[in-house]
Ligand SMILES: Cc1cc2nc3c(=O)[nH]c(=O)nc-3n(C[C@H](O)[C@H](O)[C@H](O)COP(=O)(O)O)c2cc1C
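A single chain comes next, written as structure tokens; it is the form predicted on its own.
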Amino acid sequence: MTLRHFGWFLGAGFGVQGWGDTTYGIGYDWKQPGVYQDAVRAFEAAGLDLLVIEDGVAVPDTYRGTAEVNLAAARFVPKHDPLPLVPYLLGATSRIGIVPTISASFTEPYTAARQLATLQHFAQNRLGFNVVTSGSDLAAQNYGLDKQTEHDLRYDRADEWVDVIRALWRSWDPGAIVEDVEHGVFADHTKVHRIDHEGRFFRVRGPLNTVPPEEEPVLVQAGASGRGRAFAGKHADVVLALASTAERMKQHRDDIRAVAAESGRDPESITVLFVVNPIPTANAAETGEVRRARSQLTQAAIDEQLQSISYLTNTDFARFDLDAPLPELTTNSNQGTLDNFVRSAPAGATLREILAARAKADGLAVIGTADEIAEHLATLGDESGADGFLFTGQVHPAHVHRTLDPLVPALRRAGLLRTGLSDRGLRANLAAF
């Protein structure tokens, strides 16, 4: 067996943890750092490389033109800013990577460079940052825009955004800080430079007034469209991806690596992780029960799927007839997500059939005993070349432990999961194999 990298993707962000679970709120308050600190300690003990914290900056009301379903289900909202949570997670651990999400569309590069440099000093090289381009019109309207910028243009802006941030981090040469007490010189002014960036989207003088970290934070990205994959291949150290089959996983990884090579990068330097939702069961009978329950297309299940795809694509799916095929759809937001949704059933399928197919297929879910899940991930990894997997799910205590307690030993028995992390930082842990 081949060792794989593992992590956890907190898709609910710094938001409600455990709503709808019978253990919701027992012994924890999701608005406080404690529950996240407990979770990240468990992830580090398990040997997971990183925790990625999703984020968003809008209250979704696309579905049916109201926020009712989202607020009732605590779906995508409320959500707190992940950056202030990062120091608490760093303080609770010593080896695991911590990766908050930051929007290239709504954060000025100088601000981002300064915040991330500061956090990387706290992190001692364990920091990453997940770059998103924020496709939601609702989010754009919170930042003075009528609608979000065109899809590919957002990535053009993000390309320049990354270039500016890295230029700012490199505006202090190595050895700029001399701390020469005898001569009264803290830093050598000849080694601190303006960047004088004049670009299509940004004008930034520099230099950064924050001491840059010795090692730049790891850049994480999850673009699914062709333009998103191009951005990831050019800039990302870690790529997050959604794919349900080994064939699609391999194609995605190959695409990213091809762009990296075209950009003059070493494709081997990119770690491609696929998101999965493991649901360990005790035996075959329980596996069948879980699958039957998850495949039921109740009105609540319909609403959950439709409000999610509505928000992610800026398209109100409530206006479509459940028992008719969907019209041809395009979006300025998350086209890859929309395409994957439509392709969940054969061409010409009705919307209800698409929803039923997705419920039956369980999406990202991998259901079975811990050993069966480990065997499945081993097969996926071997057939696709995936560098590893990101578990997804909320981080209330019951979910973390009912997932990891049976699964970690099974993954180690299968030779997939390392027994511990080094203390040399996130980049070094990702490069270890």
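So that there is no doubt, residue numbering starts at 1 and follows the sequence shown. For clarity, every value in this text was computed on a predicted model and none was experimentally measured.
Not pictured, yet referred to below: the form predicted together with the named molecule.
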>> Quick one: S134, S225 and V275 and the named molecule in the predicted complex, is every residue within 4.5 Å by at least one heavy atom?
In response: yes
> the named molecule isn't shown here, but in the predicted complex, which of 108 to 116, 206 to 214, 239 to 247, 278 to 286 has heavy atoms within 4.5 Å of it?
Replying inline: 239 to 247
>> Considering non-hydrogen atoms and a 4.5 Å limit, which listed residue (F341, Y155, F129, W172) is close to the named molecule in the predicted complex?
In response: Y155
> Taking the named molecule in the predicted complex as the reference, which of Q120, N334, T271, Q307 has a non-hydrogen atom within 4.5 Å?
Replying inline: N334
> Going by a heavy atom distance of 4.5 Å, is R291 a contact of the named molecule in the predicted complex?
Replying inline: no
>> Taking any heavy atom pair closer than or equal to 4.5 Å as contact, tell me whether T101 reaches the named molecule in the predicted complex.
In response: yes
>> So in the predicted complex, is the named molecule close enough to E44 to count as touching (4.5 Å, heavy atoms)?
In response: no
>> in the predicted complex, does R75 come within 4.5 Å of the named molecule, counting heavy atoms only?
In response: no
